[in-house]
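The data below hold one chain only, encoded as structure tokens and taken in the form predicted on its own.
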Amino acid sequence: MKPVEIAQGVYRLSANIGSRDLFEGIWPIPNGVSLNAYIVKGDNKTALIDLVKDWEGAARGITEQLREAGLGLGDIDYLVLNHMEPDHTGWLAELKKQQPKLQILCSKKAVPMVEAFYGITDSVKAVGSGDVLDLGGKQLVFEDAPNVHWPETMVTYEAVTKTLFSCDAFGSFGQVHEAVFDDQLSELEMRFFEQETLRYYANIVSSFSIFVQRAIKKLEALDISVIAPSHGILWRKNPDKIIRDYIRLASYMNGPAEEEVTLVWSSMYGNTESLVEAVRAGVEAEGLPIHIHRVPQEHVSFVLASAWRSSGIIVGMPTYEYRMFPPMYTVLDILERSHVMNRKAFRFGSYGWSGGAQKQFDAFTQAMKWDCLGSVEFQGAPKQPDHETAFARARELAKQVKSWKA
């Protein structure tokens, strides 16, 4: 890859990561992910904003792109760390070894983390909201953005070119190739990144949605020409679009979200599965989109993305030894951790010698403030009345989703 000039003296350095590993050790990335770092060259000093993890040769690629931009590691005076997560800092110890005079700038909360992660204590300086670094002809302005998505997070704004380096905020999954900016994307490519943004937000950022809203409010005072995140494409034609997208995604936490339904189901011997088509038909009878996921065959990452944008959630799950079926318990745990709150819901499922899953499910729905329309629970195989009730219950849920107002 080559360095990409964003504005005079401002460059994107990037590495594409493949699909072999899980992001954060949890989330599949079938379309890979990009790691973006940035160079800001002033008349007097040069700053590197964020780093990469030495992941699939990313560090070597960044070094080569620096060279193509006419710089060596020894030319970097400042390293700005917006966020301490290792995909943005993993190469720090080696960089500091190669450039010992490097000055590291980060938020106050990040200072002890630099030592904890990488054993570095010298030349580390805390900056906070309103602090300015003058590079000569370029000015970096720092703004704390705590819990987007770690407590030490900040963003950096270059005031002359009006470029916002937002780190994980406004990011997405997906590799980035020749089309780096939003105005270079085809309609198909834009839809691709919209979907990758949804899953990235749901998987990585969703549980911090309140803090996303607060951070965006703080950024309203800035005149932004370019948004340059640490994952995904850069926004220069219409940076307001990704801001609006994030505002919308953050609003989904407490519902209502979109007029859509997510059906997530699991089955031991096919008895719970027998009602899936009746449930699907009930939702579709009201003309609503329905996203259907089977677990554990499908990774929870994709379930979470659908659930985050859906106002209705239907859970098909049998009882397993007096409790919820373990694969579904894992899904619901992730939904709870991600704060998928205030949804319309119901559950259907079978049991063998005894029930028990519903009691545990009820406790979950109460904690998540889900408006539960009851359950369709049956022993053994479902009978015709169970099919009819499941259809009616799904249709009623879809009606309530359509009439739900904020």
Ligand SMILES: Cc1cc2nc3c(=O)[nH]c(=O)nc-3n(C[C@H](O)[C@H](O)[C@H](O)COP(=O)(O)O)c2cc1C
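Quick caveat: nothing in here was measured; it's all calculated off a predicted structure. Note that residue numbering begins at 1 and tracks the sequence as displayed.
Form predicted together with the named molecule: not shown, discussed below.
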Proximity of residue 36 to the named molecule in the predicted complex, heavy atoms at 4.5 Å: no
Residue contact check: residue 272 to the named molecule in the predicted complex, 4.5 Å heavy atom: yes
Residue 319: touches the named molecule in the predicted complex, heavy atom cutoff 4.5 angstroms: yes
The named molecule contact in the predicted complex: residue 179, any heavy atom under 4.5 Å: no
Location of the named molecule contact in the predicted complex, chosen stretch of 213-221, 306-314, 262-270, 114-122 [non-hydrogen atom, 4.5 Å]: 262-270
Listed residue that, although the named molecule is not shown, lies within 4.5 Å of it in the predicted complex (heavy atoms), from 374, 30, 380, 70: 380
Neighbours of the named molecule in the predicted complex among 333-362 [non-hydrogen atom within 4.5 angstroms]: 350, 351, 352, 353, 354, 355
